[in-house]
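Next comes just one chain, in structure tokens: the form predicted on its own.
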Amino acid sequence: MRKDLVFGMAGSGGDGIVSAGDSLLQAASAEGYHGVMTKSFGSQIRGGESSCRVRISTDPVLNPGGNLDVAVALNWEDFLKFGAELPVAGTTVVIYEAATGVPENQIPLVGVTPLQVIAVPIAEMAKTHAGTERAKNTVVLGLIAGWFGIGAVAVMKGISKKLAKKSQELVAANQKAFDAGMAFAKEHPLKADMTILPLEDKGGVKLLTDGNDMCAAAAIFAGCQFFGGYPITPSTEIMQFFTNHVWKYGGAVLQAEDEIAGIGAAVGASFAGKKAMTATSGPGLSLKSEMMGLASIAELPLVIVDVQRGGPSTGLPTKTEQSDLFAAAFSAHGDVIRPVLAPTSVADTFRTTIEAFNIAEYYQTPVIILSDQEIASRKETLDPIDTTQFKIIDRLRPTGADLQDYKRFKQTENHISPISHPGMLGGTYLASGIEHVESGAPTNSGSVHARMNDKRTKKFDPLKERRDLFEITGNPDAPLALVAWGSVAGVCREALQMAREQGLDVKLMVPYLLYPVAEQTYRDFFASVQKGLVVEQSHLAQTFKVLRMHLDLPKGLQSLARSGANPFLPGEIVAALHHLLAELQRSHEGKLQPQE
């Protein structure tokens, strides 16, 4: 029996592959298992290939997993398009559509011999038992329930709930298709027992949600009352969530004609005194950069979510990547610092979004949340969130004394000035993109410009000292180290566990604050490091280079970076650590050579 199973399924648009994955994860969640589902599509507007990965475990899940335990191919052409996203190994059971006509000993996987290969007449079974090939995904769920022990009752309950709105006849037909899959599995047992361990303690009710919904829910919880934006993959669900829910809390949504108008409206809402937000993806972030500069010089709180996808330009719109760090940190004219935060999972997207609003409000600044396609779109099981742990911060408002002679951009000890809003008696001021004196009046003075640049940049010094924006795991004095953020952090967390179980002395840093760079926190972390890796999905190794701009990195610290749509696997990180350890040991052996 297994504690952990990773399923990968692929087919054509309309095969219901993603729907099957969703049903599988929901059933596992109902049975008390932990799980993650990621989806991947071709970039076609309609049709094309689609796939999903579902990882189900008796323990909390940190990432979508490594090599597949179970691969399901409804046709080989579409399956092979996903390449490294659905890696098959010698431990994988491969299930595929028999109608493809491919003999079991000739499946088109190069350089690998799976544990077992099974051709199943999936379409034929669907047509025979449900009367339509559209029930192929239900047959697949029956096969999975039969072979791998995922609660059959829970799976069929979920399918029934989904189809009951259409007709009871459809539910009955799918029940027959599901039973046929179960019966096939019983008649054709696997060579090895791959059923998942039953749970004695289901651990209570679990949430099943994705990163985009968690981001929007957290924003509303933090008090956001205005969203201005324009739909773009893979961030669109954030605006959809706001549209469905923020009106219940007195808020509003503007779907603007383009990205620039969307952020412009959000900047206006912030000037009007409301917590405001916009969301986009790479190309949209480029369009919003001038307005981000305006919000920076006007010192207006604003949260901008960038759900990263492969770039540049239209790039890989349906694949994940971590290549917008340069754009998030530096896409501004003039001398500007803006905080950049990154969640590492669906669960901490909630915390990170609240933190982004708190920082935006406290420091009166735009803040960027760098999510990524994997976190935004993947579904995770998670325990209910204790919202009483969160403190909500609002912007500093002027007192009655401040309003007697109100200076919006008054120089203060901590460089943060009280901010008024239209309609506040005595709080009228000019807010614009031009340099200004303390009252907001325009100026061309170089000395005033320098003082205001000081004000706008030095106010972030305390932010760089916050250690709670960094997760550090492992022996503080370890000679080996990993640094990773975003969705890659989950892979490295599992790699850290594996490496420590194998006796490696290694530690991991996960920064939630990417920019400004917290120099002292990194210096302290790197103090013991002789070899290490900065792991990221960026062809240019953007994180490694940003760190190198600000720090004298240990000589043994290397970049492990590559483009999107090629996910890292925990095992390869561990292998890289073993390689570093061997290098370290050789270098020490050299020092111990006897003198001649």
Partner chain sequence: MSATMTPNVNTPGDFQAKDYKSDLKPIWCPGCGDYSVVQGIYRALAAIGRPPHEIAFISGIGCSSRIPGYTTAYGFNTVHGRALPIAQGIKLANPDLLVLAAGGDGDGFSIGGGHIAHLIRRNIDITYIVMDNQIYGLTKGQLSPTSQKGRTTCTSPHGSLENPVNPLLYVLAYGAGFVAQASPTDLVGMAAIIEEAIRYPGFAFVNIQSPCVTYGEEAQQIKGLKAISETLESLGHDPSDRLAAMNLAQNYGTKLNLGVFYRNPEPAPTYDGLVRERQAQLSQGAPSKERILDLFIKK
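On a predicted model such as this, the values are computed, not experimentally measured, just so you know. Numbering follows the first chain given and starts at 1.
Separately, the form predicted together with its partner chain exists; it is not shown, and the next lines address it.
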property	result
Candidate spot 463, 514 and 525, all three touching its partner chain in the model of the complex (heavy atom, 4.5 Å)	no
Proximity of residue 271 to its partner chain in the model of the complex, heavy atoms at 4.5 Å	yes
Proximity of residue 332 to its partner chain in the model of the complex, heavy atoms at 4.5 Å	no
Contact label in the model of the complex: residue 220 to its partner chain, heavy atom within 4.5 Å	yes
4.5 Å heavy atom contact, residue 214 to its partner chain in the model of the complex	yes
Which of 123-131, 335-343, 200-208, 101-109 lines the interface with its partner chain in the model of the complex (heavy atom within 4.5 Å)	200-208
One residue of 175, 420, 417, 365 in contact with its partner chain, assessed in the model of the complex (non-hydrogen atom, 4.5 angstroms)	420
Its partner chain: the contacting residue among 191, 161, 458, 467 in the model of the complex [heavy atom, 4.5 Å]	161
Sequence-ordered residues of 422-445 touching its partner chain in the model of the complex, heavy atom within 4.5 Å	422, 423, 424, 425, 427, 428, 429, 430, 431, 432, 433, 434, 441, 442
